[in-house]
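Below, in structure tokens: the form predicted on its own, a single chain.
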Amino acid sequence: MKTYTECIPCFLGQALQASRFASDDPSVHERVLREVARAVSTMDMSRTPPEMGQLIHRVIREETGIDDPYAAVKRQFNDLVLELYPDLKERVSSADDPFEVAVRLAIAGNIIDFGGGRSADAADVERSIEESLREPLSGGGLELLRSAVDKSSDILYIADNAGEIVFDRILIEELSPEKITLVVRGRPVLNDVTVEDARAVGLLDMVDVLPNGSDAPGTILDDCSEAVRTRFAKADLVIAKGQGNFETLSGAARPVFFLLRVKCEVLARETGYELGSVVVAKI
């Protein structure tokens, strides 16, 4: 049986980071870590990391009394990437292949991830942009995605992180916003995108935005609203961003196009893609 015991240090890192975002009080940090460790000790390690992360962040919210410990850092990165938006749009419009550049930029934004206690800064974002535009694409899915987009009038786009959502906006504009329904998290978890983040970066006025009804850092279909499950089944095309969505949707009953960077050894081993790979894959 596959287990995810290697993710335990990530959960403890998330607990410490979130508690520090929520409070300057070391006693709060200690209490959160102890309660998260207690939760981990009884957890089913065969569940996907986002399923386990969902439980961890419920403990964090309960112990800190803060519904969204990552609120400030989400605003910071939304604002940071919005400042880059005009230059990024110019890169797309002036490219020989605007579609490919928009896809690569969408993946570049996947570096803005605070899972596992990770963090990012402006230099990381700039570096990810250059790397994503330069490095070979893994997964073999770019041309399949291009063809699928051309044939689709109903595209479900499942977002991942705040800040990253500005990069997604650039790809959505290239895909044609009238085709898009954007799925976001149902309530705050980690630095994942919510309706508020979509509003902050101008997407609420551009596409239909559908909260998924869940507080998991991924897309656990059984935990999502009926509206999301229905749209997932019926959409012409589903695009999902990031590792959490990959971990929860890669075994779905229908094909999904995944856009992500491989940011941990566990995912690298399971997918066969090298750590740091820029991936467009149909699974």
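Sequential numbering from 1, following the sequence displayed. Quantities reported herein were computed from a predicted structural model and do not represent experimental measurements.
Just so you know, the form predicted together with a further copy of the same chain exists too; it's not on screen, but the next bit is about it.
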**Asked** Which of these stretches, 235-243, 211-219, 60-68, 32-40, has heavy atoms within 4.5 Å of a further copy of the same chain in the model of the complex?
**Response** 32-40
**Request:** Mark L267 yes when one of its heavy atoms lies within 4.5 Å of a heavy atom of a further copy of the same chain in the model of the complex, and no otherwise.
**Result:** no
**Request:** Using the partner position in the model of the complex, report whether P9 sits within 4.5 Å of a further copy of the same chain, counting heavy atoms only.
**Result:** yes
**Message:** With a cut-off of 4.5 Å between heavy atoms, is L55 one of the residues that contacts a further copy of the same chain in the model of the complex?
**Reply:** no
**Contact label in the model of the complex: M45 to a further copy of the same chain, heavy atom within 4.5 Å** = yes
